[in-house]
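Next up: a single chain in structure tokens, the form predicted alone.
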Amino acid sequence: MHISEGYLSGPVLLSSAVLAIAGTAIGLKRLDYEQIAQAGMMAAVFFVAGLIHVPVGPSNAHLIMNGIIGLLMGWSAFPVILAALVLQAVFFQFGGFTTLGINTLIMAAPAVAVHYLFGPLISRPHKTGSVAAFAAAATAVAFSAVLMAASLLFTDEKFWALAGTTLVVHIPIMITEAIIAAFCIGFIKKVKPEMITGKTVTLKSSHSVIASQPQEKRSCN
């Protein structure tokens, strides 16, 4: 999903950078102090998922995990994904610095979109939440592939065939991430539901007051 440097036109890079900066600013503003650890964990998930990739022209096909990141983080998906992309570019020369804006946009914007489309559904009981997570992950990957294809087409119409290939190769990724997201959301709902609802679950316990009785004095004969 990463677009390498040297392929996209200046206007595409500039406009996407502006949108990515705006999204990151909104995400940082909405990131609560209690979510910092969660944001770091999601950035690590994205970082590791993107390391195993298959080159496809100027881009790469790999797991993105932006669906589950969007469901759990909302607008904060922008700074989460941007931070992971910077680390990948620094340590592995993966993607690039001039393409940070477009790469952030094509993966974070779908994450925010599925947060609003499917976020209210994942907290519902039974299988509804898992089905919503499945659909959210598949939609996020598909939306990212469309944005990447559009960025190539806006640069040069000669990328038309490559844009179509990009959409096709991400179909297996859509299915894989959908299954992973459905499992992860179901697991999180059982062990840490506040990550989904945003509300801390407290267990009510009855406190029993033990009346202390004075001890009898023992006399030593």
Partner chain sequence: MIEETFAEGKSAIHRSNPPLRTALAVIYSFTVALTNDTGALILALFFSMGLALLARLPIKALLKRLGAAAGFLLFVWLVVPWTYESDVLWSFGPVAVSAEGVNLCWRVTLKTFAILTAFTALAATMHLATLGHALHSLGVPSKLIQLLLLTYRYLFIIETEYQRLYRAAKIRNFRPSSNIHTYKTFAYLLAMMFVRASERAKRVYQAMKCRGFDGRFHTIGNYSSTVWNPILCIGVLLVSAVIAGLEFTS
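Small disclaimer: the values here were computed from a predicted structure and weren't measured. Numbering follows the first chain given and starts at 1.
The next section is about a form of this same protein that is not shown, the form predicted together with the partner chain.
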item	value
Partner contact for M174 in the model of the complex: the partner chain, 4.5 angstroms, heavy atom	no
Residue contact check: L153 to the partner chain in the model of the complex, 4.5 Å heavy atom	no
The partner chain contact in the model of the complex: G96, any heavy atom under 4.5 Å	yes
Any non-hydrogen atom of M107 within 4.5 angstroms of the partner chain in the model of the complex	no
In the model of the complex, the one of A149, V112, L82, A135 near the partner chain [non-hydrogen atom within 4.5 angstroms]	L82
In the model of the complex, residues of 1-19 near the partner chain [heavy atom within 4.5 Å]	S4, E5, G6, Y7, L8, G10, L13, L14
